[in-house]
Structures are given as structure tokens and as C-alpha cells.
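In the block that follows, a single chain appears as C-alpha cells, in the form predicted on its own.
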Amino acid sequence: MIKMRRKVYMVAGYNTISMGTGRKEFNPKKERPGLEEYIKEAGQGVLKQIGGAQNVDEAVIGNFIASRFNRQANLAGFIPYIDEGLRYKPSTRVEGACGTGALALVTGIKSVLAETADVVLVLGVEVQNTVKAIYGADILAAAGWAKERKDGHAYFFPGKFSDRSKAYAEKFDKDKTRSAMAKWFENAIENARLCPTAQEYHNTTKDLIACGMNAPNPKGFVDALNVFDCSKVSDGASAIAVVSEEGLKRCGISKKDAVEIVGFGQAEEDITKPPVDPTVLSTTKVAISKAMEVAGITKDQIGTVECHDCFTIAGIMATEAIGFAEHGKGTDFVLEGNTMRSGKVPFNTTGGLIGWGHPTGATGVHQAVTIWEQLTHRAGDSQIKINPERPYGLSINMGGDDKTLVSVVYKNAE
């Protein structure tokens, strides 16, 4: 078991807009910001808060698959593009499919733990609206096993989670499963409407539950998901600084403006094998358990969660993986309102992947920024009340079909 051998903090989070369909500014026929522009905006957003590039020891950039979406690789080379002061500083690009952002975060954490850096700029980015959705689905299928692609759905990952949703509904309760998925969608959009950078910020749909209750259309999409059950195609970047106590002093940042990282867990599953039980996110469960063990906490101390709801069913199953609900009872946990911003444990307070957006390489960093904002009371209209008896935040970032997992536990710095 990993132990935190020194204090590690997060400060100075920044999110670009999550751009794509749903945003008023988005027009697929007009030129939009490129990969390098998102990187620069997010990176500079952090540097302005930490006293400039001279305070950075190294950088980590997370990106899933720009080599296909943007015909661009070697993304570490864009770190000096953010600011001249970052020239010649060590920079690393990491990749773990949709779990890339949290892998970037953990890479920065490990550098601080190893005492090779006191201030690490961590950034995640993805620009995906460069191709039509059907082609994008094929590109994103690289997060799975390539040999499965020829036998899979046209929309590969919606197909994978449709299979999970179908298995869950058949094993437990079909009507309750659909109702809980609709409720998850409603919560996501309501939270996104409170966050100006969210992709669904401009959503004015009155009856969100009715949208979520739409019957899936197997002929046009997949068997057990409708389009509202799915996160959208998104462009965006998120960044944050991971620092030691010395790093806090160097950047001139008070602990009241910092969040301490008190535990993290990583878990990897064999990409060539299907899930043993499609109704269980088993790798997610292991990563969460590791993170909470390192942090020395139980589920009853968690006050807010940022989970990887790439699909509504994944959010429901995450409540079970954490232990908030028994297997098959995640639907009840959601329908009872426990995951709402006013509920027992608010989930995805800026909308999550469905509401805020899912620029794949940035998602894990965005989750960390959201937790930092909530715990330091910087969340604006998205702010929730943190129960003093449940002072910890938890994030869960998933790559592939429950294959590459990172979970992180946070609390206010003291």
C-alpha cells in the first residue's frame, strides 16, 4: 500500500470552456480554437495564480489521442508554448484513454512525493470536434481492445455501456434502472446550468426527466442507451498545480487556498478480457478502495464525489463501487436524491461528463479542479455546503471499459 510520505497539495485550478454542441458559441462550420490555444489558456490560467512560470519545476500534460483527432503528437513540446519561462523545464506527456487526466495528476503527485519537484504544472487537454461523431466514435474505440472493434457496435463505447445497462436492467429492475438513469441526467444538466464553463450551461430544456426517459432506439443508436445517457463530444483543457509545502511558500499561496491530497489509488485490468460481471465496475471498486485505504477514511466521511459518468449507467454503478449502495441498489440511491447537490453526497457538482463535458484527456484534471473549487469555496453558483462530518472529496477517472482507473481523496489543507 502506498503511503503519503510528505504533504502534497493542489492549488490554482483553471478550466477552459468545454466546447461542443450545446454551447451557443459552437458552430461546426466555423473555425474554432485549436489544441495549442486550449493548452495555452489553461496553462496561463494556472501560472497567473502561482506567481509565474519561474516557480514551476516540471510539467505533465495528459492527452488521449491528438495524433488522430488533430494529427499532432509530442504534446510535451507545447508546454514551453504556454510561457517562455517554461523552456527547457522537464515535461512529460501521459496517456490512459479517458483516464488520462487523473494519470497526469498522479504523475505530478509522484514527482512531489519523490522530491524531484516542489511545483508541478498538471494539464489535460482534448480537441475532438474535428471529425464527425461516427468517425470520432471509431477513434475513441482505441481505448478498448482493437481486435474487438470489428465485432462491436458502430458507436463502440456507447455499445459497451449499453451492454452493461442492459445486463443491469435485466438482473435488477428495468423500469427503475431507466428512471434512475433519467434522474442522473436531470441532476447533471441542473448542475451544469450553474457552471459558466460547462458544455450544457446554456441548456434550457424544461422537462429533463422526459428526455432521460426516452426509449432507446437500437436501429439508430444502441440497444439500452438513448443519446441523453451519453456524454458529448467536447473540446477543452483543465490545469492545476500540484505542490509541496515548500512549493506553497515559493508560490506565495496560503494553505486556506489549497487542498491536500491525502490518498490515491490506481488499478489496471486486462484490456483483452470482457468484464466478469457487466453489472459491476470491479476495477473502479479496487481503485477507490486503495485510495480510501491510503487516506485512512471510510465512505461515510466523503462529502462530495466527482465520478466518471461517461454514461448515466456508469454513474449509478459508481455509487455501488464506492459502497454507498449495495449491488443493484444504486438506482434507489440515486432516485432517493442522495446524489443531488442538496443530497447526502453531492455528485458531479458542475455537471460531470454528461453536463460539464468530456474532453477525454482533460476530464480527470477537471474533476480535481472541481473538488479544489468546492473545498476552498471558489465554486461560485455551483458551490455546495460541505458537511463538516463529511469533509473529504473523492474523484474517480476511468479509462476504457473499467480498465484504467485512478481515484483520489482530497481534504482542506491545514
Partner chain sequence: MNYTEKLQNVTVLGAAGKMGSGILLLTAIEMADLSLKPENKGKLFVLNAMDTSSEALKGLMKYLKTQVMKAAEKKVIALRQVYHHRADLIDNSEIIEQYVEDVLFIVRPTTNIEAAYESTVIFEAIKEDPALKIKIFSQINEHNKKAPWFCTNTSSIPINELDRKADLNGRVLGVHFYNPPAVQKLVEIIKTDSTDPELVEFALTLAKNLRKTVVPSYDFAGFIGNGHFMRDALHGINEAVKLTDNFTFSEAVYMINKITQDFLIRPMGIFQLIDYVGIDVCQYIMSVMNPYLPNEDLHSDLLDQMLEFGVRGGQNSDGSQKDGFLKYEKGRPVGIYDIHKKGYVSVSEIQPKCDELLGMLPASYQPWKAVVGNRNKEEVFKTYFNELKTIKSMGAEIARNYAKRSKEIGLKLVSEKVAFNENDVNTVLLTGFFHAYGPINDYL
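Keep in mind that what you see is a predicted model, and the values were worked out from it rather than measured. Residue numbers count along the first chain shown, from 1.
Although it is not shown, the form predicted in complex with the partner chain is what the next lines describe.
This chain lacks the partner; the member of R68, K40, R32, H377 within 4.5 angstroms of the partner chain in the model of the complex by a non-hydrogen atom is R68. With the partner omitted here, the residue from K256, K132, K273, K249 that has a non-hydrogen atom within 4.5 angstroms of the partner chain in the model of the complex is K132. Contact annotation for E336: none of its heavy atoms lies within 4.5 Å of the partner chain in the model of the complex. For H202, no non-hydrogen atom is located within 4.5 Å of the partner chain in the model of the complex, even though that partner is not displayed. In the model of the complex, at least one heavy atom of D138 sits within 4.5 Å of a heavy atom of the partner chain.
Proximity of F172 to the partner chain in the model of the complex: non-hydrogen atoms within 4.5 Å are absent; the residue sits far from the partner. Only one of 107-115, 213-221, 172-180, 274-282 places residue heavy atoms within 4.5 angstroms of the partner chain in the model of the complex, namely 213-221.
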